[in-house]
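One chain is shown next in structure tokens, namely the form predicted alone.
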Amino acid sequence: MLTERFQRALGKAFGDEYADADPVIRPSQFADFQANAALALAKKLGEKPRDVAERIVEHLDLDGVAEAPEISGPGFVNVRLTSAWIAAELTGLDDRLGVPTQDRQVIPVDYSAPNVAKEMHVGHLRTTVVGDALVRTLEHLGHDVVRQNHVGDWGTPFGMLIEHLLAVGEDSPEAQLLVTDPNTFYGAAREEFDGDPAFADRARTRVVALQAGDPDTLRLWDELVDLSKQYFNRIYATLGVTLTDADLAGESTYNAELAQICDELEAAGLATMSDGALCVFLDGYTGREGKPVPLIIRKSDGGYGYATTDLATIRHRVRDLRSDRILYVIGAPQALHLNMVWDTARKVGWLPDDVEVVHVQIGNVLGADRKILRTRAGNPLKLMDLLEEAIARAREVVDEARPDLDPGVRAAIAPQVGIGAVKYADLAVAHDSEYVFDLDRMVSLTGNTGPYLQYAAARIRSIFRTAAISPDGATTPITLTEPAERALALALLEFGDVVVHVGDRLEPHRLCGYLFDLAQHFSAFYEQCPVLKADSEVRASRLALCAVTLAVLDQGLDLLGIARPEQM
């Protein structure tokens, strides 16, 4: 709202070309908000910043919204909103809580991407959790989000896996390991492949049959994939993410298109043969000694790699899905590969300039030694083991904090707290940053943690249970007389801008930081402003303020994919 008023002032003062400029409005210790548009504009206009600020203020219409703005420092414009306006805005919020509905875009989001017949490990945690928070947020902003779980479900290992499935029996307990312990099944298949030449020959023959579309081989491949789906869904259900079987868009989806991909790249003069492989060489991509780095489209043995599938993927997302923006929530080390794929797709015409592609880079999860989190044996930590440990640790915290609750209630709360703790800790840091996995800190009820936010929401629910009314029934117009009320109300009005920022900049950690600050504002309000013991009119107003706070906390946590226990 303030941004729009400043933009109108900029347009009136300096011309229409500045009407969409970002005034950079931020909270300030000197006022409610501070705009520093004057500093950037002064350089463009060749004027003094304070003179620019005075012209902005001259055209700034804040009648009924704020006190007269003040200019401070080199040219900052300080704004202090009136309490009456804040209260009216808060009272008038609808179910969207100030979050706008943006112009609709089609946005495929590529995230999670485990491999069939392999255990999901801790490395899959962040791409799954960050991706899910982004799709939830973008959908809430009004976009048509297409979840794309690009699972590894094709390639040479499947000959080995299919032959091992036949060896153990499709209905055997060993086959069920694909649902409960995929790594054991995969390891047994690999051991048989490495130790038995006859088995290895059968596996290689099976790969040829798979690629040729042999019906019986495809049936066995389907069985492998279906068993792995059960495993994936068990992980996704535990994590509480929104991925379903309908979102699977694995490598096999594009198998029939790969030869055509190669043909089109050759016809366009982009792909050439090099040491028996079909490669694309792009300007600006060089390795050691300045040698060009190839993007291998077809391997020397005639097989296809990740680059071919990724090119088919992006062509599908542009041509068939009609994407406006495509997000890849993938590990940071894949940046070079993605950029080469995108540049190739742009050169051949599959990726128009008006379609934005974004690598949402994912940093590593570290152990206490600040190395990538692994088991003591040095293997990647299984994701389900990590989640089960988090739930167990959360149960200890809940048992200690609320021994008065029925054991069944505590058992139901523990997964919500444990999984919420893991997800919040992951989301609360910038997605391209590393962080240390520390369960003791994550499950704490104090500090910047998921359980702290869950507890803040549960405490507000407790207030309404004591008051014997529903939060939906707290609709009295809000009045603000105390500083803590005003501070909380101001924080609540920022929610819409924060959600927009998360959707535009793809930064879920901004929402985490906002919710933590909001919970702290509520704690200060609750300590300084009696709610249930206040006089009737003040009590009703403060209950209404509590209701808005609860609604924002609930909505914010839901956008992050974090459960909200009824009590803690």
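Please read all numbers here as calculations on a predicted model, not as lab measurements. Sequential numbering from 1, following the sequence displayed.
Below, we turn to the form predicted together with arginine (ARG), even though it does not appear here.
**Q** Just one stretch in 68-76, 473-481, 450-458, 105-113 has heavy atoms within 4.5 Å of arginine (ARG) in the predicted bound form, so which one is it?
**A** Among the listed stretches, the partner-contacting one is 105-113.
**Q** Going by a heavy atom distance of 4.5 Å, is Ser444 a contact of arginine (ARG) in the predicted bound form?
**A** So Ser444 does not count as contacting arginine (ARG).
**Q** With heavy atoms only and a cut-off of 4.5 Å, decide whether Pro380 touches arginine (ARG) in the predicted bound form.
**A** Looking in the predicted bound form, residue contacts with arginine (ARG) do not include Pro380, since no heavy atom lies within 4.5 Å.
**Q** Indicate whether Glu163 is a 4.5 Å heavy atom neighbour of arginine (ARG) in the predicted bound form.
**A** No, Glu163 is distant from the partner.
**Q** With a 4.5 Å heavy atom cut-off, would you call Leu81 a contact of arginine (ARG) in the predicted bound form?
**A** Leu81 lies outside the contact set for arginine (ARG).
**Q** Which residue among Leu439, Ile330, Leu405, Ala467 has a heavy atom within 4.5 angstroms of arginine (ARG) in the predicted bound form?
**A** For this set of options, the contacting one is Ile330.
**Q** Report the residue, out of Ser252, Gln211, Gln334, Asn183, that has at least one non-hydrogen atom within 4.5 angstroms of arginine (ARG) in the predicted bound form.
**A** In short, Gln334.
**Q** Output the sequence-ordered list of residues from 120-136 with at least one heavy atom within 4.5 Å of arginine (ARG) in the predicted bound form.
**A** The stretch touches the partner through His124 alone.
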